[in-house]
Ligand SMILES: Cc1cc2nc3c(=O)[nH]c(=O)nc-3n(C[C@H](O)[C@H](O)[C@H](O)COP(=O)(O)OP(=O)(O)OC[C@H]3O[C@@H](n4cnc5c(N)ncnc54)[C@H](O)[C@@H]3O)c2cc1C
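Before any questions on binding or motion, here is one chain by itself as C-alpha cells, the form predicted alone.
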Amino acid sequence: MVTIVGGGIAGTVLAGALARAGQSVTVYEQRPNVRGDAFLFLDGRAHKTLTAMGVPADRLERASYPLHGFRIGSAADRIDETPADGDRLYHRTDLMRVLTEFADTAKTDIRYGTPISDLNPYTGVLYPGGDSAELIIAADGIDSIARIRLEPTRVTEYAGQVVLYATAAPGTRPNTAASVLHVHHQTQDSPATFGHFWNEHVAVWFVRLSRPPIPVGYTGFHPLARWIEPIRTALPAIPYLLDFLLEHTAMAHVSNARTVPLAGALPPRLPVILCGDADHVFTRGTGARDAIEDAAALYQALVAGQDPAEAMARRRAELLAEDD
C-alpha cells in the first residue's frame, strides 16, 4: 500500500496512475481543489508524461488553451521568436479538476480535510492518528513537513524576486499577437520580467520584480493597486502594454519566489520519499513539469516492483544536469 501526503499536481496524478494499475493508494490532503486565478504553462513533454500515466488527452485539451509560440524581447530590442511544441495554458484549478477526476475514476482513496501535521521519517508513523505506513510519498509542497523532519537544514531560500500572477477582465485584448506567450526582460538596474498571453477567452500576465521579500501577510490574492507603480517603475520600456493590462486587472496573486536546493541533499531512503516541490524547486519555470516527471518516475518504479528511493535518486541527477 502507498500513502501519499499532499493532493496537488504530483500527488494526485501519481495516486490516480497507481490506482489505475491496481495498487492500493491513500492520499491525505488538507483541502479540496479551490477556485482561484493562479495559472501555469505545461509543455509538450509534460503532456506526454501525463498521458503516458493514463490521464485522458482530450480532457487536458478541453481544460486548457494552446500556445502557438513564444516571443521573447529585451530593452536592447533583441527579439527571439520560436514556435510552441505542445505547450498549453491552464488555470491551476482546471488542471486539478482533470487530475482529480482521473484519480476518482481509478477509485483512489483521497481523504480531504485530513491534514498530516507531522510524521516520523524513520518509522513511517503519521500524525494525527498515529497510523503507520510502509511507504510514504511526500508530495506536500515547498513547505513540506516531511522534508523538515528528514533534512531540517535543507530549507527554502528566497530567490530574490517577488512574483505576481493575474487574470485580466474578460474580453481584454492587448495589441499583441494572440495565443503567443510574450515575455519582456528588463536587464538593467533591478532585473524584472513581464509576460502575458491572451486569446478570445482569457488574458493572463505575470511579473517578476527583483526586490527584498514581502511579509507573509502580503502574499496571496490582493488588490493590484499597491503594485501598479512598482511594476511601472521596474519595466519602463513597455508602458502602453503594461498600462493596458494593469487597467483591466483588479486582483493579483503575490508571492516570494523561493527555491529548495538539491545540492547537499541526503540520499532518498525509505519509508519516506520526497516528490515534486517537497524535494526541489528551481527558478527556471518548469516546476509543474518537474513534479509530474517525479510522479512518473515513482509510478514506473512502483509498478515494476523497483526501489522508489533509487528512482528518485536518478531523478535528482537528471534535474541537476538540466539545471547546469
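Don't overthink the numbering: it's just position in the shown sequence, from 1. This is a predicted model, so every value here is computed, not measured.
Keep in mind that the form predicted together with the ligand is not shown, yet the notes after this line are about it.
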Contact stretch among 244 to 252, 108 to 116, 191 to 199, 170 to 178 - heavy atom within 4.5 Å of the ligand in the predicted complex
108 to 116
Which one, Pro56, Gly69, Gly285, Pro271, lies within 4.5 Å of the ligand in the predicted complex by heavy atoms?
Gly285
Check whether Arg232 has any heavy atom within 4.5 Å of a heavy atom of the ligand in the predicted complex, and answer yes or no.
no
Even though the ligand is not shown here, does Ile137 get within 4.5 Å of it in the predicted complex, heavy atoms only?
no
Heavy atoms within 4.5 Å of the ligand in the predicted complex: does Ala17 have any?
no
Look up in the predicted complex whether Arg289 has a non-hydrogen atom within 4.5 angstroms of the ligand, and give yes or no.
yes
Counting heavy atoms only and using a 4.5 Å cut-off, do Arg149, Tyr299 and Pro308 all touch the ligand in the predicted complex?
no
Along 1 to 25, which positions have a non-hydrogen atom within 4.5 Å of the ligand in the predicted complex?
Val5, Gly6, Gly7, Gly8, Ile9, Ala10, Gly11
